[in-house]
Structure formats: structure tokens, C-alpha cells
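Read the single chain below, which is given as C-alpha cells and is the form predicted on its own.
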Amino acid sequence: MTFSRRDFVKTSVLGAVAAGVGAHSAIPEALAETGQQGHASLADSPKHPIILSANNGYAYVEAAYAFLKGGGDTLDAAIRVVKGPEDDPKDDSVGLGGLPNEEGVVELDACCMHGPTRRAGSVGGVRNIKNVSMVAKAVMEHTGHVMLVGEGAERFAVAMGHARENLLTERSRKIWLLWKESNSDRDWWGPGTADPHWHPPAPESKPQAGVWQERIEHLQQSAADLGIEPEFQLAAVRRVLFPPSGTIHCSALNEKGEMSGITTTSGLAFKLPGRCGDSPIIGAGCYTDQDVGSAGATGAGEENIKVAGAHTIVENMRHGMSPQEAGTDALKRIVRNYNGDMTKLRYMDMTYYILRKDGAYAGVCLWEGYSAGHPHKFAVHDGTLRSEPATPLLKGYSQDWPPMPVVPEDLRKDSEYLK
């Protein structure tokens, strides 16, 4: 089954008409041209073993691939990839040093699926334990449950030998203070884009370039006052202006055709305490079926939960779709949930990482990236380690949530804080 640009335009417009929304809600010109030969696996004979990962795992894929090729278990190989960012205090997207919730507390989520034994494990809202990927695996191996959350998950982790430690590094603490002092009025309290009464923020009355320049300079001075090192001040400003949603997914396939997948995250920066996104949800943030394939996600967790993204993709492949077609269909469901309304869809993004049992793979994303020159990418190793761009459904770039005025393109190009 081939999903063409024409098919998407037609179904989007018909869906918008059926829902009684205005013509502006479905914007065909925003659709990206998505050829079905975007990745090498679709044009060449698939290879294994193979590891597919979100690009923030790139530095750890080589060693994991060697372990997998040497006969290592597929889930253990995937954990070797995601554990790298979990252990890195300078990576504020997962594990140690992850950006905290609105109260300044780091809360972590993870889930995994082991194809050969058809088992799963998950943890959510875990504090004080950095390697929640390993805790999710321990839930799978040492309990009769699939998911543990909160304080109970933390106590279980300690019982399994994981040490409690303060996950809030000094750098992340200062970023949180910068947000708390200057930007906490733009928090995660509702309403969200799904609310029928939500509307985008009103435009600024003065030129946006001036507004942004003043705001950046003010925040940079505040960062200096908090003791954030000069070379990191603009990066800290970016994290305050655009709270990141840090996550890493990895799927692995060995020579025998065995598969596993894992996803781990610190979730949305400055989120409400107790919030769990898609990463600990089996079938949303991660899903592996030994007979079909494996998929995972990074991006807008709430949106992915609503379409059961990873499970949807694997089921699509079960019914004959290619990895790219399967992922594009899941993205299309997110678009349909908003009736094609680009004024709302621009405030969310999603990237899916898809690996089929025969070694065919794809990376697909809702938007091209978060700014010009910064496309969504993923890491793949099938004997050669490389990064490849994900194939977008929509042309252009997402805007960060909570909503802020559009950043002028000259500031995007000239300001280091956006890098």
C-alpha cells in the first residue's frame, strides 16, 4: 500500500469538511513531498544485525552494535545505547541531569519490550534513580507486573540494587531557577491545544525582533547572575524559552531475527509533578512484536498516547505497510485529531523510529525539524554507523509549547542560543 501526497491531501480535506471546520484547517501546501525511497533500507536489501536509535544515542551505538553482533541479547544491546545519555550529567534530556518538573524535582519514565520472550516492563514518575531503563527491565524480569510508578517504583529499584542519588545537577538546578524566576507564567497548566476554546497567543504590538532581542538579553543577564557559566548561558536561555521534551528510543534486531525496543526520558521540562507522557506507555512510546517489528517515539507524548503510536505502526506493518508508510499513517492520525488545523499542529511535533523484522527501517516526523538547518535525524547501524534525516509529513518547522511568538528568521540564523 502506497501513501501518496495526493492521498493525504484528499483525506485531510475530506476529514476537515466532514468535521465542519473551515478551509484554513486543512492546508495542502503545508504537506511535504514524501517519497518512499527516503532511507537506504527501502532501496537496498535489508541487513542485520541492525540498531535504530534516536540521534541523541549516536555516540553509543557503535559499542552496542559490536555487543549485538557478538551474540549479545537485543534488549541488552538497546539498553547500552540509551544508558549512555542516562549516565551523562551534561545531557539534560534523560537520566542524571534531566531537566526537572515545575517544583525542581527530576522525574523519569521508561518502558521496554523483549521480543524473544514476549515480555514487557515499565516505570513512571521515578525519582532519585538515574537508570530507569534498567529498572523497567527489572520489572519485566523480577515481578509479575508490567508497570510500577512513583514511590513504589523507586523502592523496587533500590531493592534491585540501584543507588538513590540526587538527579538534579547544579547546571539543571540553575536552569530551573532561571525558568522559575522569569518564565513560570508560561507553564503546563491548561488549557492545551486540544481544548476547543484554545486559541493561539496574540501577536506582540512591537516588532518581534526587538521583543526577542530584549527578552534574550534579559534572560542572559539573569543566567549570569545565577552563576551559569558564560559559554552555557545562551543554551540555558533556549531551554527556558523552549522547554525541551527529552527522550531516547532504541530498537535492535540480531542475526536470528530477534528484536527488542526501549524508550527512556526525563519528560517535559518544568512539567506538572506526576506527569507521565508516552515513554512509559507500552504501545505508545515503545512497542515490539517479535513476529512483525519494533517502533518507538520522541516528541509530543500526549498526542502519541492518543493514537497509540508505536502499536499502531507495528500493526500497520503487520497488515503489509512498509515502515515509512506505517509511520506516516500514525502521523496522519495525529493530524486528523486536530482536523488538519495547522494553527494547533504547529505547536507539536513527533518523530517515529521504525524497524521491521526483516531489517527494513524508517524514521518519520510530523515537521521537518525545530528550525532551518536542524532537521530531525536518527542513528542507524547495520554494519555502517550513520545519521539519516527523518522523512517529514509537513513542510516547515514546529513551534515550541507553551506557545511563544514566532522567532524572526534573522534571529534563528544569527543567535547561538537556538543551536
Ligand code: ASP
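Residue numbers here begin at 1 and follow the sequence given. Every value quoted in this text rests on a predicted model; they were computed, and no experiment measured them.
FYI, the form predicted together with ligand ASP isn't displayed, but the following is about it.
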Quick check on Gly267: any heavy atom within 4.5 Å of ligand ASP in the predicted complex? yes
Is Pro100 a contact residue for ligand ASP in the predicted complex, using a 4.5 Å heavy atom cut-off? no
Consider Gly246 of the chain shown here, and say whether it contacts ligand ASP in the predicted complex, taking contact as heavy atoms within 4.5 Å. yes
Is there a heavy atom of Gly299 lying 4.5 Å or less from a heavy atom of ligand ASP in the predicted complex? yes
Candidate from Arg238, Arg275, His162, Lys344 lying within 4.5 Å of ligand ASP in the predicted complex - any heavy atom: Arg275
I need the one stretch from 307-315, 84-92, 123-131, 277-285 whose residues put non-hydrogen atoms within 4.5 angstroms of ligand ASP in the predicted complex. 277-285
